[in-house]
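This document starts with one chain, in the form predicted on its own, laid out as C-alpha cells.
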C-alpha cells in the first residue's frame, strides 16, 4: 500500500545544466521502495495547479533519504526548484509496478535515454551482479549520473546524437552491439527513456528472440489507476489484439514482449 508522507527537503541543488537533485527525508516511503517505482508529489506554491506530479525515485538509503533527479522544464519544476531546505512536500508512494532484479547468474544490461538514467539508478545499485549501462542523450549536457553508474561499478557506454561525447549514434545502436558482443552470456535487459527509444528497444529485443523490462514514460494525472489518463497499448487475446493498460498501475514497468507495437 502506498504511504502519504510529508517529505522534508534536505537538499535541492543544481546537478548540471537544467537538471537538479532533490533529497527528501521520507523514511516510510524509503522503506517500501523498489527499483523503478515513483512518487506523486504535491508542489507547494502552484496555487491554480493542484494535481500532484509524478517523479521517478532515483535512490533511497537506510537513513530514510529519498532522491529525485528532475529537469526544470515548466511551471511545476520551476516552482519545485525554488523550494528551500527545511520545507516539506506531500508525497504519495511508492507507486507503480517495479523492475524485477536480475539473478546472480544474469548480467544486467540497462538502456537509458536522458533522465531515464535517474529511474534506473536504484536498479543498478541493487543488482547483485554488475553489468552494462548504455546511456544515451541528445548531447553531453543531457548525460547524467555517469560517475555514479561507473562507481557502482557498471561498465558505462555512452552515445550522443550530436557526437559531443561517446559514440555518435542512438543508444539503441549500442544495444545491438552489446547483443552481438555478449551473445554467449546470460543477459537481462532493462530500459527507460523516451517513448520512441523504448519502442525501438522492444523491437530489437523481440527480433533477437530476447525479452526485457521497459519502463514506459507517460503523462499521469491521478497516479493511482483511477483516471485512465496514462494508458498504453499492450497485447491481448481479443479481436483487436490489444487492450489499454495503465502506466501508473500495471506499469510503468512492462515486459517488452507484452507491449503492442504499432
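Numbering follows the first chain given and starts at 1. Predicted model, so just to flag it, every value in this text is computed and none were measured.
Below, we turn to the form predicted together with a small molecule, even though it does not appear here.
Taking a 4.5 Å heavy atom cutoff to the small molecule in the predicted complex, the contact residue among 131, 76, 98, 166 is 76. Interface residue remark: residue 125 is not counted as part of the site for the small molecule in the predicted complex, having no heavy atom within 4.5 Å. Residue contact with the small molecule in the predicted complex: residue 220 places a heavy atom within 4.5 Å of it. Residue 115 belongs to the set of residues with a heavy atom inside 4.5 Å of the small molecule in the predicted complex. At a distance threshold of 4.5 angstroms between non-hydrogen atoms, residue 71 is in contact with the small molecule in the predicted complex. Proximity to the small molecule in the predicted complex, taken as heavy atoms within 4.5 Å, picks out 211 to 219 from the listed stretches 25 to 33, 211 to 219, 233 to 241, 196 to 204.
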